[in-house]
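Shown below, as structure tokens, is a lone chain in the form predicted alone; questions about how it binds or moves come after it.
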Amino acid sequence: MFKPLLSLQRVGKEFPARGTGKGLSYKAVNEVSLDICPGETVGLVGESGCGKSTLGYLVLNLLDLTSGEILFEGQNFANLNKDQQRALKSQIQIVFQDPQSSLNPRFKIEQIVEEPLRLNGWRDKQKRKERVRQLLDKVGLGEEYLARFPHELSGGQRQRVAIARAISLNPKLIVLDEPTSALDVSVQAQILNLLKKLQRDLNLAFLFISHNLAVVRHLSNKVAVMYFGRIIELADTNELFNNPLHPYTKVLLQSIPNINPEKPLLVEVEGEIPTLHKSPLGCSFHSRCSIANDLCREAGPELQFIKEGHWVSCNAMSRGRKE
């Protein structure tokens, strides 16, 4: 059994709630625990606003934790000084959703990919330039792209540049925040195949944040389903797609577009949707859940082990198992 490369331990993040009175806040991420092992891809899925990207920014140490701990190779970020944190940050990189907005339009491609090297102690200019050429080659771009600007590239080419920049310092973990959603379908497949190849060649671990379940299934080893700031189900990929247990996960999977004309494209869920300013007591999904009981309305469930490779956060299911 591999030791976790990254370990989130009851991680929480609160933000001030605007327009609700002084001192009030809402929990964007709530009591999240998750491990990522070397070379592994963990998919993080859920509706917009559920806290996926916020969790990614916490992993990157771009936001301060409200509660919990994040350990990278056993080291707690909070216990490190600035120099130690900077060294550790080079091991965790990100590829954003929109490559056009994540690349400096005033920089040439060579400067964009070279910048992390320059900022992290690569003093020899010739070695930096050689490294940039190697990186572009790894992502399928030739030397002719070195002198171009981002606006002269296609969306897929810009994302390849962003990936080259992300792997420049030989990181061990990359946060992929919807890395293909801004691309055409045919280009998406090329980028996904590139990511899988780089993962094999460089032994990279990925936290793959997406709302596209088909893409997550293609790339991930295990999948965490997030709802209203919490992980409500976690399982190996095949197990989750073949045997979803949480009612919300079942809704998500039933909403995947299907070519079968007899199957509806979207599954409607009745009940009141929780808001940031009106968080329900108990389980956050109980107002929309068909199997909710009294306990669901009173107590928030913990993520519980069900069987090998499968955890779920559901009071109704836990009660049924005990009975």
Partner chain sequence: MAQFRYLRYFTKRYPLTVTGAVIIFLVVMVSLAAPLVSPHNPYTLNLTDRLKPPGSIYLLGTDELGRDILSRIIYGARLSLLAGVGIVGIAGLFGIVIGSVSGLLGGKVDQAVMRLMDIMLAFPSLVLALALSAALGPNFRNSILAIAIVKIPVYVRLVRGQALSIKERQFVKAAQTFGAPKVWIISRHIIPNCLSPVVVQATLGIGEAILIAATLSFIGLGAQPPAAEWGAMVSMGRIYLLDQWWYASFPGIAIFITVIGFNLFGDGVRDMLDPRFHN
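Numbering follows the first chain given and starts at 1. Being a predicted model, the structure only gives us computed values, none of them experimental.
One more form of this protein exists, namely the form predicted in complex with the partner chain; it is left out here, but the text below deals with it.
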Among the candidates K196, K250, R118, K129, the residue which, in the predicted bound form, approaches the partner chain to within 4.5 Å (heavy atoms) = R118
task = Note which of T237, S102, N212, Q188 lies within 4.5 Å of the partner chain in the predicted bound form, where distance is taken over heavy atoms; exactly one does.
result = S102
ask   = Residues in which of 129 to 137, 104 to 112, 221 to 229, 188 to 196 have heavy atoms within 4.5 Å of the partner chain in the predicted bound form?
value = 104 to 112
ask   = Is there a heavy atom of R217 no more than 4.5 Å from a heavy atom of the partner chain in the predicted bound form?
value = no
inquiry  = Please tell me whether any heavy atom belonging to R86 falls inside 4.5 Å of a heavy atom of the partner chain, as the geometry stands in the predicted bound form.
reply    = yes
inquiry  = Can you tell me whether C37 touches the partner chain? I mean in the predicted bound form, with a 4.5 angstroms heavy atom cut-off.
reply    = no
query = With the cut-off set at 4.5 Å between non-hydrogen atoms, does Q93 touch the partner chain in the predicted bound form?
reply = yes
message = If the criterion is a non-hydrogen atom within 4.5 angstroms, does every one of Y57, L60 and R165 touch the partner chain in the predicted bound form?
response = yes
